[in-house]
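Next comes just one chain, in structure tokens: the form predicted on its own.
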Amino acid sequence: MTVIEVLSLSKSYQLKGSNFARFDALKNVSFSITEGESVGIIGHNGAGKSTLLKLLSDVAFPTSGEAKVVGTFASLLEVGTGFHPDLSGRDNIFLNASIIGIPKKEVGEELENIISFSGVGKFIDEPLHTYSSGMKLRLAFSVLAHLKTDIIALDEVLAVGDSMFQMKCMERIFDFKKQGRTILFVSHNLSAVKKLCERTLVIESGEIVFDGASDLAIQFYLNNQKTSGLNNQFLKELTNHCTTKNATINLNIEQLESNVEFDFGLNISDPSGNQLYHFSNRFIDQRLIPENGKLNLKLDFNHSLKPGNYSVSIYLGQNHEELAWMENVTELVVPPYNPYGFHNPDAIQSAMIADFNISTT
């Protein structure tokens, strides 16, 4: 049974500062999703992914076209969507559930489970504006995870929050799949998309440019990267150097807000989009404070990668908000490495090389 039918859906916005300029966030998008499907949605920032989910969630309304949804629909969009900053966490659970259309009685039955899963119990009666972005996300996901709806839409649920909670999120999302619920999954984590979704839509400049099997969609997406990190207003210079065992990545970042804490993240992925390494100043409790709006960063690390080319993606944030997410902005090239007599490094089927011994007993 078809549970989502999107027909010639378009959304345009009037740009500020001009009486004529308009931005087309979505352009004549059409597709259908059947009951129980898990469908990934990938694309660059600004491609139209979040706009699509907002239209399906009735958070925004289309300029033209229509979207038909059969069954109850719950979505987790930007952090804080469906919450009120002046209400307590407890009150926001009931508010968020009412927006989804869940009866108060059902919420009451699951209330303690929701609070426990979120991990914010100590602050549950504090106003939401005192919560961090991660706390808001945990609470929002916990509401969605415990209230049964037919269709679930998730927008970058793994982008905020600590690694342990991200694991809990993914475990629960796979539970949704086992239950036969329909899932729409927007994520930059291509490995997670590939594992969860059999089918993936690739959106570029407001249009669906690929709709098919997830592995093929991811390969299409990676082969058609057009983002240039050095065209980004914040990243002015990016260089890297890699040996068989060590790597250094240098970044010059400008146009930041001075004396305001800065967040930096960097992913290294294989040619199939599987994330192999993730680095963040948050992992080592290192505070980065720009002076005069600038930061020069140097990332040094040891690696165990086999010879080959690996894509580098970079996250820049400030004030708990994303400044830039640059996918496949450069390549890390690992030179030939032949510790065990392999004549062809490509014959090594793993992504990593480890020193090891084989003995007989």
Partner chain sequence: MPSQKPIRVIRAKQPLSIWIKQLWQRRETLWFFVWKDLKVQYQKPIFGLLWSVFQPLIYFAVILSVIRFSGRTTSETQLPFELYLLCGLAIWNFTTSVILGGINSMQSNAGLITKASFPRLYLILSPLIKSMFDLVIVLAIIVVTAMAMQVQIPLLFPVYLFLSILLVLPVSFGFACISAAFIVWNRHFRHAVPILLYATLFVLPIFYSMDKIENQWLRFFYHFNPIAGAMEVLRNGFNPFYWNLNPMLAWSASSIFVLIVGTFFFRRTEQTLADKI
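For clarity, every value in this text was computed on a predicted model and none was experimentally measured. Positions refer to the first chain, counted from 1. Each form is matched to the other, and the largest set of C-alpha atoms that superpose within 1.5 Å is called the rigid core.
If you look for the form predicted in complex with the partner chain, you will not find it shown, but the lines that follow are about it.
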Taking the partner as it appears in the predicted bound form, which of 257-265, 193-201, 134-142, 88-96 has residues with heavy atoms within 4.5 Å of the partner chain?
88-96
Would you classify Gly206 as touching the partner chain in the predicted bound form, given a 4.5 Å non-hydrogen atom cut-off?
no
Can you work out whether Pro290 and the partner chain are in contact in the predicted bound form, taking contact to mean some heavy atom pair no more than 4.5 Å apart?
no
May I ask you to check whether Asn319 falls inside a 4.5 Å heavy atom distance of the partner chain in the predicted bound form?
no
Is Leu323 close enough to the partner chain in the predicted bound form to count, meaning some heavy atom within 4.5 Å?
no
Suppose contact means a heavy atom within 4.5 Å; in the predicted bound form, does that hold for all of Lys54, Gly82 and Lys104 with the partner chain?
yes
Assert contact residue (the partner chain, in the predicted bound form, non-hydrogen atom within 4.5 Å, options Phe165, Phe73, Phe176, Phe210) equals Phe73
Identify which of Leu222, Leu77, Ala247, Cys169 has a heavy atom within 4.5 Å of the partner chain in the predicted bound form; exactly one of them does.
Leu77
Would Lys195 count as moving between the shown form and the other one, using a Cα shift of 2 angstroms or more after superposing the core as the test?
no
C-alpha of Asp150 moved at least 2 Å between the shown form and the other one on rigid core:
no
Pro127: with the rigid core matched between the shown form and the other one, does its Cα shift 2 Å or more?
yes
